[in-house]
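Shown next as structure tokens: one chain only, the form predicted on its own.
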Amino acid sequence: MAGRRIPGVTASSATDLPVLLAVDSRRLAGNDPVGFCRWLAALPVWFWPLAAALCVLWPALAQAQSGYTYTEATRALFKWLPFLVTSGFLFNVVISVMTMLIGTLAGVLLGLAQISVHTPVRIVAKSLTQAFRNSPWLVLLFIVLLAFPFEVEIGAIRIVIPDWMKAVFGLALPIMANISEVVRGAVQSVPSGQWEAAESLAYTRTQTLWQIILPQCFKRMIPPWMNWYAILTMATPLCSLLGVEELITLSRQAIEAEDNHPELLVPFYTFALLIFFAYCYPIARLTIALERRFTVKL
């Protein structure tokens, strides 16, 4: 046994069929499909509490220059806290979930269109993907806000389209494009021998894709998908610029209701920072854990 050559172990294998190769991140969307979650999860647990403490020190040093003390600003925050969480942040979560749902469904279809055997379909899909991937999210939000009607009439039925739904559609466009790249990269990362083996068994392309290739891609796509959900959640405050009443918009309204004292800015926006971090940090940790679990180690 000592001098025996074992293909794939002590010598190069003649085929890549015996094993499912580890995902090649260079073929997925970007250099690192979970780069954001990797950066977020790499931050020590004490980083954000320390940052919040530093934010607290600044108004504490300056409160002597104003008649409105930092203690009163903190008391105002706690008074508005239930309203900011239930009517504000939870709405951010609803927007992110609905956007991810629509973006994922459209992204999977667009990603499969990118690997279509029909050249016109493939060119159109790639063009849409690159156009929306490289467009500023805020610009897309404003385009959708101005392009979509305020209401749609179907016979005698009048359907009102609220601003938050327009924000969902606007954010779903870049998510769709990035999920499309995740799907395309995951499919192309499957060894070509899988396609050849299915072809030798007289599988059609559709059967090969849905019964052999995509089941293998599912685990590979979960970590990048979660990474984009974390990025999307962090981007939902952009909706405040469209007048959507989410956490940042309601924070501004609460500050105005408290007579716009400058001392209110730090506690209210520090709370927004911390609650977004508290929601996204576990997602980032889970993403990294799933990436390690699903990666095949040869």
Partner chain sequence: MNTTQWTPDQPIVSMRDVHKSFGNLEVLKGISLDVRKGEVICIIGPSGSGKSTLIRCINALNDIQGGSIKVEGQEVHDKNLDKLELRQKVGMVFQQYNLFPHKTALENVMMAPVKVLKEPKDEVQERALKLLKKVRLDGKEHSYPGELSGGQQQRVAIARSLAMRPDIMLFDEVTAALDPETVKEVLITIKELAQEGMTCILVTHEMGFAREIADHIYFTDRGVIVEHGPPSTFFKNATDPRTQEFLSQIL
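Fair warning: this is a prediction, and the values are worked out from it, not measured in the lab. Residue numbers count along the first chain shown, from 1.
FYI, the form predicted together with its partner chain isn't displayed, but the following is about it.
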property: E199, heavy atom within 4.5 angstroms of its partner chain in the predicted complex; result: yes
property: 4.5 angstroms heavy atom contact with its partner chain in the predicted complex for P136; result: no
property: is_contact(S189, its partner chain) in the predicted complex, heavy atom dist at most 4.5 Å; result: no
property: Interface membership of I212, its partner chain in the predicted complex, 4.5 Å heavy atom rule; result: yes
property: Complete contact of G193, Y203 and Q207 with its partner chain in the predicted complex (any heavy atom, 4.5 Å); result: yes
property: Per-stretch contact check against its partner chain in the predicted complex, the hit in 215-223, 178-186, 112-120, 83-91 (non-hydrogen atom, 4.5 angstroms); result: 215-223
